[in-house]
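Okay, here we've got a single chain as structure tokens, the form predicted alone, with questions on binding and movement later.
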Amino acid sequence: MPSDQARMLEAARAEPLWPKPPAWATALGAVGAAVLLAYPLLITSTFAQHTMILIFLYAVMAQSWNVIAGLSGQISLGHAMFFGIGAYTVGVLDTKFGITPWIGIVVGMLLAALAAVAVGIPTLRLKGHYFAIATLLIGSSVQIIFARWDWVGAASGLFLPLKRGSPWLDFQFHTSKVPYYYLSLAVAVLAFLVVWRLRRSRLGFRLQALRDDADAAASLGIAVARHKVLAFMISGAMMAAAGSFYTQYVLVLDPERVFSIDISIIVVLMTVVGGSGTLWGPALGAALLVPLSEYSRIWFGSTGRTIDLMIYGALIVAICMWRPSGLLSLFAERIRRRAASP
């Protein structure tokens, strides 16, 4: 090989795959982490803490959907199925067998991953709106099954028993929301670390290749069906973890709630508004839409639910028309312009 080509090859290999973040971004991240850690100590309002807990929880759920849609390009409208599986696994193991919720969370994630395999093998061969419709119908069917299954409470659901022993062992904190805050923050951080690592892994690059052009990826030897199922498993397990946490937070299981189509639609909206396929887009979408939903109910009473849905719809229309890549692309575009300017 000529020496100039060898030098070019070595330079290409030495070039970092991801650029090092600027100093201001690192400093901003450190400040943000400090604010999040100190938040419940400085803001003692239970409603404010509750809102932040929901933001973290929905950020995990949106990130879960981002794995299957943003990375592999499959639009799922039945993700509430995995949320409900995680929620019911923790609730049933606790109420029926007295098993600690910490074990229930792991079991719920495993069952959700198995459910993703069972659903994904026949449906992930579908493309576009066909897959979306299939997941929507399967999710609705699972909700009907649990609503008529007497052993898990049927339509009445389950009420988890209140325990006064060890709060951390029982995952029940009756006097303060601060432990729930830090636990939800830890779950969110872990979920984002998983996706961050996934996007930089060989599996992540293959999933993004499938998203961009499945036929071209298959021609390069990538097993399309297997990789889509793997993405579905990861996504389902993350969603189940959020459902397990939600069960321990509210201590009530209602099939109409934990399997609701509203959950599937809201996580889609959050991811699309923030930026599908990006790392921080789901967090941005959750940080915008969760406070909008919670405060609209305070300001407008019982009509708040309708008003926040109307605002959601207006935001989606605006995003689709002017910023189809999500609001996060505004910041990315500004950073690129600043880097390009002399």
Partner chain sequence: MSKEFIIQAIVSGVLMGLIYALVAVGLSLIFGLMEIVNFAHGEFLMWAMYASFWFWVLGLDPLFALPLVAALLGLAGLLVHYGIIRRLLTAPMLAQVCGTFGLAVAMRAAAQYLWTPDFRTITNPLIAGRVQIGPIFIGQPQLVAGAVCLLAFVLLWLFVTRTETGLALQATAQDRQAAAVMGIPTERMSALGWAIGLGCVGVAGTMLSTFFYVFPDVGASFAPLAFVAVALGGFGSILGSLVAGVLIGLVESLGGLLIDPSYKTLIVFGLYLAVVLVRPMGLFGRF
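This is a predicted model, so every value here is computed, not measured. Numbering follows the first chain given and starts at 1.
Here the subject shifts to the form predicted together with the partner chain, a form of this protein not shown in this document.
- Contact annotation: Tyr130 falls within 4.5 Å of the partner chain in the predicted bound form, judged by heavy atom distances.
- For Thr123, a non-hydrogen atom is located within 4.5 Å of the partner chain in the predicted bound form, even though that partner is not displayed.
- Lys96 falls outside the set of residues with a heavy atom inside 4.5 Å of the partner chain in the predicted bound form.
- The partner chain in the predicted bound form is not approached by Tyr58, whose heavy atoms all lie more than 4.5 angstroms from it.
- Across the options 153-161, 75-83, 239-247, 97-105, residues that bring heavy atoms within 4.5 Å of the partner chain in the predicted bound form belong to 75-83.
- Though the partner chain is absent from this view, in the predicted bound form it lies within 4.5 Å of a heavy atom of just one residue from Leu288, Leu309, Leu36, Leu279, which is Leu309.
- With the partner omitted here, the residue from Ala191, Ile234, Met109, Val272 that has a non-hydrogen atom within 4.5 angstroms of the partner chain in the predicted bound form is Val272.
- Every residue of the trio Leu136, Ile316 and Cys320 has some heavy atom no more than 4.5 Å from the partner chain in the predicted bound form.
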